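Taking the form predicted alone, here's one chain by itself in structure tokens.
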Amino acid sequence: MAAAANFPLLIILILFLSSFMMPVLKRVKAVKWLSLSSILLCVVLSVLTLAYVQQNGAFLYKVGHFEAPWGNELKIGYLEAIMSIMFTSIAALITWASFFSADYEIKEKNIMLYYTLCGMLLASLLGILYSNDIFNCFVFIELSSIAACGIVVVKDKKENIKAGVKYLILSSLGSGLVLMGIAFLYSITGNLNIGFIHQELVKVKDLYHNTLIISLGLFTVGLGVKSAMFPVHIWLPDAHTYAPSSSSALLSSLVLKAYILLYIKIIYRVFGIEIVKTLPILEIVLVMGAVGMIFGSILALLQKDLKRMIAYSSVAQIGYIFFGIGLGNILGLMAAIFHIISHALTKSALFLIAGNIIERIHSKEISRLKGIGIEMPITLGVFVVCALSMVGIPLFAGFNSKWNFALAIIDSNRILFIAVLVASSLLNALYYLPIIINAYFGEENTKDRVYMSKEKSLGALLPILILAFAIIYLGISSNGIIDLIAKSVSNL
């Protein structure tokens, strides 16, 4: 079992090596199966890593011959192990679903490039998650940004290239701010290793109070841009709308979350929550999260394009996560981490569903979805599960998320924010429920609709059905994952 300590590095290497092999292969089918099989192997290794952490606790893994702070190292605790399983499992399901959509959305000559970029992207995101060296995190941020832009523009259409360039420019701005934040920390600590930075900050925090404010502010804005925190989310709607649906699913469910998880590491492990609470940053994050919860939902309500509506919904849901972080208490952080998982499951399913619908009806317009529940009952059934979870209906994961946020608000003595939580849920209902009603009900909506006439094959539906099952399971029985999250927070 001691060999499991090697698995995090092995996961990154498997994903990078398989990605580099893909351009050499001649057949698209071989590339697809290499992509899926390598990710499934990483799922298994991630599960074994969690088992190792449960048995032995959090551990450091030395990469190379030199000890920290001169050498690089990975740090794997409960948070990293849980998120590794989430990242690889959802990536496997999205990759599986892409087998049935890539030929429709991506030119044949670009399909092998697409899977190469997806593998590099997942490896980079896991690198951000695992690394205990803040500059290595920046390197993986840059790799992930390039790969993420690539999976947006891979459709090779005018609107995709425009969205990709917009994303690249703003993402580069965010990366630059993160690098500046790292430079400020290095200037006062002389270290890039996260553990050693924190040790030095504890010693010099009173001497460099303003420098700490500037550095954490740079991290907040930089990673806020990259994770689409309101109001610096402006790249997200176009990128999600015009990218292939599997790319949109990856961006919303995984890419945004990796940057938020890095932000959590910076607050709790680089600075330390005791130092952060002496700075005015968390209050700003709290307010921006609350505003994002409302305005993201309002903007989603105004959309006529299905994917664009789901994209703006993501802005609102990212607001929830930053809101939980901004509360600055244990329950808030636990609620934020649980919502990262809940949102990843739900949004990956929603974007895959949107892709299935668009492929069948050849339109993104929400007004064209009337009666689609008759023609695609299984697809719309999963949409109902996701929508009810987003609204916060009991028995679905989203309800447990919002319940946890409510408990965190009460614990922090900020009772007025309960109104924001309720208002955001009501706004979610206003743009999701009309789609469901028009899809299933109304004589003029269902007239002349042929049952199952546009439904996709069982193989294409299985990924979203698995995601729906996971959403319901987390809604009914979330105690196990909550216990693991509690352990991860105590380690932080």
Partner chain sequence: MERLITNYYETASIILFGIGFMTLLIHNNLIKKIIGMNIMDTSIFLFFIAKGYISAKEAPIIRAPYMGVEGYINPVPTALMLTGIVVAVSVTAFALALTIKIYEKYGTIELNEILEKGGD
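Residue numbers count along the first chain shown, from 1. Every value quoted in this text rests on a predicted model; they were computed, and no experiment measured them.
One more form of this protein exists, namely the form predicted together with the partner chain; it is left out here, but the text below deals with it.
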Interface check vs the partner chain in the predicted complex: of F100, F196, F295, Y186, the one with a heavy atom inside 4.5 Å is Y186
Note: exactly one of I378, I275, I330, I146 sits with a heavy atom within 4.5 Å of the partner chain in the predicted complex, namely I146
Would you classify Q303 as touching the partner chain in the predicted complex, given a 4.5 Å non-hydrogen atom cut-off? no
Contact of E142 with the partner chain in the predicted complex (heavy atom, 4.5 Å): yes
Might Y268 be said to contact the partner chain in the predicted complex, defining contact as any heavy atom within 4.5 Å?
no
Close approach of G371 to the partner chain in the predicted complex, 4.5 Å, heavy atom = no
Of the candidate stretches 81 to 89, 279 to 287, 313 to 321, 132 to 140, the one with residues having heavy atoms within 4.5 Å of the partner chain in the predicted complex is 132 to 140
Checked 172 to 205 against the partner chain in the predicted complex; residues with a heavy atom within 4.5 Å, sequence order, are S172, L173, G176, L177, L179, M180, I182, A183, F184, Y186, S187, L192
